[in-house]
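Below you'll find only one chain, the form predicted alone, shown as structure tokens.
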């Protein structure tokens, strides 16, 4: 598989808040491994942790958020969404296709944040 057919994506998943820390990490690993197994590459992962929801989902008012960026062949997205829909720990998910400008913006934003942390 040629690497030039990889597309950049951003994935946000809201996991059920009842997961223990180890289960939350295992759930993240499950989806990042699925991406890697199908020819994708993780470029950034950011577990936000427990956050309040804008509205209740399944009578829950909080969720464990995980945001990641990855590059993958376009046919992987359907497989990834199927697995997330089947996973009872996933309350919501969203996959966004990123253009080169969004990828550059996210990289600048991450680098700026890293520079601020190092400076403080």
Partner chain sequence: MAKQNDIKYLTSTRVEKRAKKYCRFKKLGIKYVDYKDAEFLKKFVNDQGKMLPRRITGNSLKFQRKVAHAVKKARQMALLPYVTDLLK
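Keep in mind that this is a model prediction, so the values were computed, not measured. Numbering follows the first chain given and starts at 1.
The same protein also has a form predicted together with the partner chain, omitted here; what follows describes it.
In summary, among the residues 26, 94, 50, 82, the only one with a non-hydrogen atom within 4.5 Å of the partner chain in the model of the complex is 94. Between the partner chain and the residues 34, 67, 42, 77, the one pair within 4.5 Å by heavy atoms in the model of the complex involves 67. Looking at residue 101, you'd find a heavy atom of it within 4.5 angstroms of the partner chain in the model of the complex. At a distance threshold of 4.5 angstroms between non-hydrogen atoms, residue 16 is out of contact with the partner chain in the model of the complex. Residue 109 belongs to the set of residues with a heavy atom inside 4.5 Å of the partner chain in the model of the complex.
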